[in-house]
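Quick setup: one chain, the form predicted on its own, written in structure tokens, and binding and motion questions come after.
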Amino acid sequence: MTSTEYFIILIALLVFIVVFQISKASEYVSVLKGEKKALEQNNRINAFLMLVFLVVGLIAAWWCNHLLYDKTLLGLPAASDHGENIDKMLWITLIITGIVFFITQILLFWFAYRYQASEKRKAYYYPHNNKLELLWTVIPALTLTVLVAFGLYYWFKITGEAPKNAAEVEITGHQFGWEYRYPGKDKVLGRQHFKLVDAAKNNPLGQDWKDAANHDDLHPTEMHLVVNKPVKLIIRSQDVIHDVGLPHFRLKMDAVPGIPTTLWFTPKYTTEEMKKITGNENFVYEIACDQMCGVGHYSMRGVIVVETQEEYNKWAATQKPQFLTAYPSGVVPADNAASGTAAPASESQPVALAGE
């Protein structure tokens, strides 16, 4: 915040303190004049302050929105097709609830001012009205039902069957980081087992080397996706509940131990395009953990690179299967009973990723 903004806030606080002190002084004077007069004056002061609070509150809300809007994700376009629908649903919800909020809050504070206690007016007791109760029950219920229906529709789209040409990427959370796995030339992810997890032996995901489908699976340090091509994420956790948060794509999904979850989407902008859109040369698509998962939760950050098919193919050609990282010779030693034996694999042959 600039010095001017701090100065404006300071002035607003000082005005509030002055008004408060004047009202308290007036209250003490009124008490000396008599209890009845003090009560009447307190009512007038409180009613006036309620009206002041309404005006100041609305101005403050507008000012905060004007000041911070460009720093929120709402100021940026959704980077996925599903994200556009999520944004649309969010704006519809904000418009509906915003209209209700402004109407009810303005009436609330105006009524406090307009109908302050007075001897000239007697309170009207209005205990029951079936039509009004039906009206303010049915309309909100129908509105919320429609909003929930839209939410469920988009939810089932995101978690439903991905297109047949969708690439598959597995993402596994653990305290405190993300692991990525891509199927290789066979376009099939190999079997895993939690008892085989051993980072010291270059098997952090517990891949079963007996399964030949594991021999060409890749284990890169960051996620790469192709722009305008659907991708299905297979989400796992090795310890506690994590959450794959994709803020720029407007998506998130829990990573639950023992229960793989999925979602799919189509990236709309490459990382380079988003750098131009945001005006930030250091922009990256981030993967955040949106579930508190322990003391290192704050550091659980991943990176997604969205690129063209040509750039993706060049990157894929530089990746080496995790099997060859664990066993450079391409053969599991005969005495490795835990992982079994495997047929030799050639490191020199290129690996084609699913969806290529």
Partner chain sequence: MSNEAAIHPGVISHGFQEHQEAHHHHESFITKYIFSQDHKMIAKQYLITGMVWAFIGGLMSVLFRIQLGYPEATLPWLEDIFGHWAKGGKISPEFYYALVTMHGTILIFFVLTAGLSGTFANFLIPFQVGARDMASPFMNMLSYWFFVLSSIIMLSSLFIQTGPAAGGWTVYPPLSALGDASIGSKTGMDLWLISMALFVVSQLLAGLNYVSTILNMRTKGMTMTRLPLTVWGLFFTAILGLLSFPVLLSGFILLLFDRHLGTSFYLSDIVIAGKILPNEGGSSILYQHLFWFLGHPEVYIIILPTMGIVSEIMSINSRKPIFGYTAMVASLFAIAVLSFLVWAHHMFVTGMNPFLGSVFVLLTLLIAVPSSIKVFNWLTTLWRGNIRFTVGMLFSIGFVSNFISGGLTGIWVGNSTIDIHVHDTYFNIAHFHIVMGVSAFMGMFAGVYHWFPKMYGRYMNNTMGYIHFWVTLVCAYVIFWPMHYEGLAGMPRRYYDYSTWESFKQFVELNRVISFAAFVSFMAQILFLFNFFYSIFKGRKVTTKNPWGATTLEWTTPIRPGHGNWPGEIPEVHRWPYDYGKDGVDFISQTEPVSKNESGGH
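So that the term is clear: the rigid core is the largest set of C-alpha atoms that superpose within 1.5 Å between two forms. Bear in mind that the values here come from a model prediction, so they are computed numbers and not experimental data. Positions refer to the first chain, counted from 1.
Beyond what is shown, the protein has a form predicted in complex with its partner chain; the following relates to that form.
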Tell me, yes or no, whether P163 is in contact with its partner chain in the predicted bound form, where a contact means a heavy atom of each within 4.5 Å.
no
Partner contact for G294 in the predicted bound form: its partner chain, 4.5 angstroms, heavy atom
yes
Please tell me whether any heavy atom belonging to V331 falls inside 4.5 Å of a heavy atom of its partner chain, as the geometry stands in the predicted bound form.
no
A316 versus its partner chain, in the predicted bound form: is there a non-hydrogen atom within 4.5 Å?
no
From the list A213, A112, I234, V227, which entry has a heavy atom within 4.5 Å of its partner chain in the predicted bound form?
A112
What stretch, of 92-100, 265-273, 163-171, 181-189, brings heavy atoms to within 4.5 Å of its partner chain in the predicted bound form?
92-100
Can you tell me which residues in 107-129 come within 4.5 angstroms of its partner chain in the predicted bound form, by heavy atoms?
L107, L108, F109, F111, A112, Y115, Q116, A117, S118, R121, K122, A123, Y124, Y125, Y126, P127, H128, N129
With both forms fit on the core, is the shift of the CA atom of T72 between this form and the one not shown 2 Å or larger?
no
With a threshold of 2 Å on the C-alpha, tell me if N129 counts as moved between this form and the one not shown once the core is superposed.
yes
For A141, decide whether the Cα shift between this form and the one not shown is 2 Å or greater, given a superposition on the rigid core.
yes
